[in-house]
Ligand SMILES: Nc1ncnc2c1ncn2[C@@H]1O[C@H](COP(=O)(O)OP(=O)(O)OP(=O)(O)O)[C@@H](O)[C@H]1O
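Take a look at this single chain in structure tokens; it is the form predicted on its own.
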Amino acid sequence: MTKSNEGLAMASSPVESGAVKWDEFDKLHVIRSLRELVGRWWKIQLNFTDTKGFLRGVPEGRFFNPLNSVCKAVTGDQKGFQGCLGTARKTTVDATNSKDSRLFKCHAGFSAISVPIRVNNQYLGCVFGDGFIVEETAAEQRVQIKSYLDRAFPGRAHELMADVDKLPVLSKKEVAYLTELIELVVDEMLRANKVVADSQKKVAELRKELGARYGFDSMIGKSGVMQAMYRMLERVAISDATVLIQGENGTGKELIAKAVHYNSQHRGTKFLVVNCGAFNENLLESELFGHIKGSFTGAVRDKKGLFEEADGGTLFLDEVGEMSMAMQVKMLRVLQEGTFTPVGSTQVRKSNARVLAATNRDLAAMVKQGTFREDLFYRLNVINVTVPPLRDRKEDIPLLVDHFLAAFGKQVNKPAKTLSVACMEDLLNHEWPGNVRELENEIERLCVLAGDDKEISNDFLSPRIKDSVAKSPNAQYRLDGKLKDALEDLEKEMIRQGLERTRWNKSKLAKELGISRAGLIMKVEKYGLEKRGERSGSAS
């Protein structure tokens, strides 16, 4: 009968009927204006039905708020109400496979128009208007309406028929115009739905990207110490507890903080970072708590602090060990009470930000020295995450190297390079004082200097790495020769370092390495790694 709405059904993804916010459509100015226009001209109410024929966007327990007195009487009658429900549902189901609008008659004899709503060929329901008479079939419809009123309202039929005679009778041209107006309503619904779908898609993609980028599985490391840290982070993320992340420079403390945030219930909120060592005391106070206009020279306007900006989200305090004692007092207050006062203000404000802190300093030693408050240390150290240095997890170096080589190749749009055996050996035998950050920078340097070479030799290594390897006569890692010997060398070194790290606690080390305690004891004896003066089997 009229044009199809298929061309406008262009939402980014199919939308389930249950997910459609029908109540929101009636708040759109264009749809509200069109409904008012149709009601004023022809006393026709426009309604929405879902795929099962249930009306949406209407007050609970009511049908559709008809505008003419006859339809009000029909819907006010129990049988009439059920008849209207049946008409709406049958019409909606009949339109399931239709793309075009449809003119039909309701159970009482009135004419109605329905227009299907489709998003990416998915049927979501209808928009329809009813309660009018068509000029070409007016005589036939009046007979049908009178017959219905005589049966349903024997005492009021004459009165109601008088109201029927007052209703506008739509010509063929007016029916076409009414159809176009209803189709405009559908078009606006589709546009509104597309805007919402696009926004939801962007948010979902962003969250997926952040989740992939900062997921625990995106942290590269299969060593026992890293696996133990992953297990702890998974438990930490679901809580709101304050976390202190300790580790040397270059170990990835901020990456861990982001992983905790983006895997927590706060993942959709702000993640803000401040380096406490980058500001003097006054500037740090302003940065964290904000200030009011005129509180100091240069304060030309009010400024929110990071605690206020991060309210409901996460605030990451990097290098927290660099704060002055005076600043530590103010930090303790906001951590304990959730309150702070902007610089120059007397108004106390609140923040519900989750705090993650990081430092490369030994805060426990600083507490003993009197340079860090003990109460603040315990408030920050609710959960402690210690990031192992790269020298304690050298078995992760090949994985990290592959990752950085692939990343560089992607950056320059070229296949990833490989390292020669000698180059990898030297990387494994270097002590990496700069940790993962140093390794990343070294791999980028190697890729640049190697030019078009597909395999990178150790000739391109930094002088500091060559020197450190040359000065280490007891280099532990070799990648040539027999595989069995190389694996035993690696196994021996892992166990030796693990024993030193755990202070010869074999139960703890066995758990880290993923082997039984008995198996570890056998390997310790095999490699002659017993602690001096320790008798076999007597260690913990």
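Residue indices: 1-based, along the sequence shown. The structure presented is a predicted model; accordingly, all values stated were derived computationally and were not measured.
One more form of this protein exists, namely the form predicted together with the named molecule; it is left out here, but the text below deals with it.
Only one of T386, N249, N280, N120 comes within 4.5 Å of the named molecule in the predicted bound form through a heavy atom, and that residue is N249. Between the options A407, M219, A157, L184, the residue in contact with the named molecule in the predicted bound form by a heavy atom within 4.5 angstroms is M219. Contact annotation: the named molecule lies within 4.5 Å of heavy atoms from the stretch 316-324 in the predicted bound form, the single such stretch among 77-85, 316-324, 109-117, 452-460.
The named molecule in the predicted bound form comes within 4.5 Å of no heavy atom belonging to V401. Within 4.5 Å of some heavy atom of the named molecule in the predicted bound form lies at least one heavy atom of E440. The closest non-hydrogen atom of I465 lies beyond 4.5 Å of the named molecule in the predicted bound form. Under a 4.5 angstroms non-hydrogen atom cutoff, the named molecule in the predicted bound form has K253 among its neighbouring residues. Although the named molecule is not shown here, in the predicted bound form the stretch 157-173 places no heavy atom of any residue within 4.5 Å of it.
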